[in-house]
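The chain below stands alone and is given as C-alpha cells, in the form predicted alone.
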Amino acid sequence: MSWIPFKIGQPKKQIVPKTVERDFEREYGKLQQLEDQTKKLQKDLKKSTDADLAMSKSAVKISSDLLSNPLCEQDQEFLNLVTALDTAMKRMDAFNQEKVNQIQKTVIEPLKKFGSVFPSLNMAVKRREQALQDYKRLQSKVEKYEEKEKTGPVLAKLHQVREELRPVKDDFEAKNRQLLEEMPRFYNSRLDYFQPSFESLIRAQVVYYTEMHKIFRDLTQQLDQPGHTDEQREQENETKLSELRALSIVADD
C-alpha cells in the first residue's frame, strides 16, 4: 500500500490542521506496516508448510526406495526393519498433511482474507486525497478572488466559487472524519481477528509433534537391540566399515 499525494498549488489558508494531518499519517502508516507484515507472514507460512510437506514426502520416498533394495529380498531382519521405517514415515506424512491442511484452513486463509481488505482501504485514502486536492484548488480560487478589487464580476465569481467550495469541503471533511475514526478501529481489531488463528496454529503443531513422539517412540522400540548403547552401535559400525575397507577391491593402490 502506498500513498503519493498530488502536487498542486497550496492555498494560503491552512485548511487541514497540522495535528489532524499528523494523526492521519500516523494511523495510515500503521496500516501500511500491518499490510506488509500480513503479506510477509502469509508468505512465510506458505513456505513453511510447503517445506514440511516436502520433508515428509521425501522421507516416504526414501523408505520406499529402501524397500525395493535387494537386501530386503535376502535378509528378513533387514526387511522387517525397513518395513517398520516405511510404516512410520507414512504415518508421519499423513499427520503432516493433516497439520498443513489445518494451518491452511485456519491460519493462511484468514490471513489472505484479512489482506484482501487493504485495497479497499487504499482506495478510500485515495478518494480522501482527491477530495483534499479539490478542496485546496477551490480554496485557492476563493483566495485569489478575495484579493482582487471588489468589482461586480469579481464578487459574482467569488460567490460562485464559494458555492462550489461548500460541498467539496463537506465531502473532504466527511471522508477525513470517517477514516480517522475507522482506521484506528480497524488496526485495533487485528488482535481479536488473528488470535484464534494463532491459537489454531499452536494446537496444530502440538498435535503433530505429540503424534511424532509416539510414532518414533514405537519405531525405536521395534528397532532397538536390547542392551546396545549408541556408543556400542557406533563401534560396531566402525568395525564393519574397517572390514569392508580391508577388502582388496576397495584397497588403495
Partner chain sequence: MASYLESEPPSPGESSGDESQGVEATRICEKMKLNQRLAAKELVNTEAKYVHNLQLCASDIRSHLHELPQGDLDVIFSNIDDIIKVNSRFLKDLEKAGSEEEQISLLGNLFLEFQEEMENTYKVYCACYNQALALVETYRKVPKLQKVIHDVITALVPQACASGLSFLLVMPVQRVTRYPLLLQKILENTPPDDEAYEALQRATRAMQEVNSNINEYKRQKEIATKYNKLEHLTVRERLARINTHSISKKTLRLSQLFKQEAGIVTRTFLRIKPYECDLEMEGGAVQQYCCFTRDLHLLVFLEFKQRLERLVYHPLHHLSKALLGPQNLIKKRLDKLLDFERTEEKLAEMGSMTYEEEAIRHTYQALNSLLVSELPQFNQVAIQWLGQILNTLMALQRDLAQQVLQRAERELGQLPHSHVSDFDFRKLIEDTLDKTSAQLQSFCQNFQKVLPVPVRQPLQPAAERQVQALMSKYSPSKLYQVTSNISGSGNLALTLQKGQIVAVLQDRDIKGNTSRWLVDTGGYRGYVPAGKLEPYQVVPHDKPSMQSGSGDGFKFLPVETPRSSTHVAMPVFQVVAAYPFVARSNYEVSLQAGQSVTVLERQDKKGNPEWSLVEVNGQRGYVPSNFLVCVPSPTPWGWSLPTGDSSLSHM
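Residue numbers count along the first chain shown, from 1. Between two forms, the rigid core is defined as the largest C-alpha subset superposing within 1.5 Å. Keep in mind that this is a model prediction, so the values were computed, not measured.
In what follows, reference is made to the form predicted in complex with its partner chain, a form of this protein that is not presented.
Select from the listed residues Q133, S140, T87, Q178 the one whose heavy atoms reach within 4.5 Å of its partner chain in the model of the complex. Exactly one listed residue reaches within 4.5 Å, namely Q178.
Is S120 near its partner chain? Define near as a heavy atom within 4.5 Å, in the model of the complex. Contact check for S120: yes, within 4.5 Å of its partner chain in the model of the complex.
Quick one: is K18 in contact with its partner chain in the model of the complex, heavy atoms, 4.5 Å cut-off? The answer is no: K18 has no heavy atom within 4.5 Å of its partner chain.
E236 near its partner chain in the model of the complex, any heavy atom under 4.5 Å? Because a heavy atom of E236 falls inside 4.5 Å of its partner chain in the model of the complex, the answer is yes.
Applying a 4.5 Å heavy atom distance criterion, does K150 contact its partner chain in the model of the complex? Contact check for K150: no, nothing within 4.5 Å of its partner chain in the model of the complex.
Within 4.5 Å of its partner chain in the model of the complex, which residues of 101-131 have a heavy atom? Give them in sequence order, or say none. Q102, K105, T106, P110, K113, F114, S116, V117, S120, L121, A124, R127 sit within 4.5 Å of the partner.
With both forms fitted on the core, check whether the Cα of K240 differs by 2 Å or more between the shown form and the other one. The answer is yes, as the C-alpha of K240 shifts between the shown form and the other one by 2 Å or more after core alignment.
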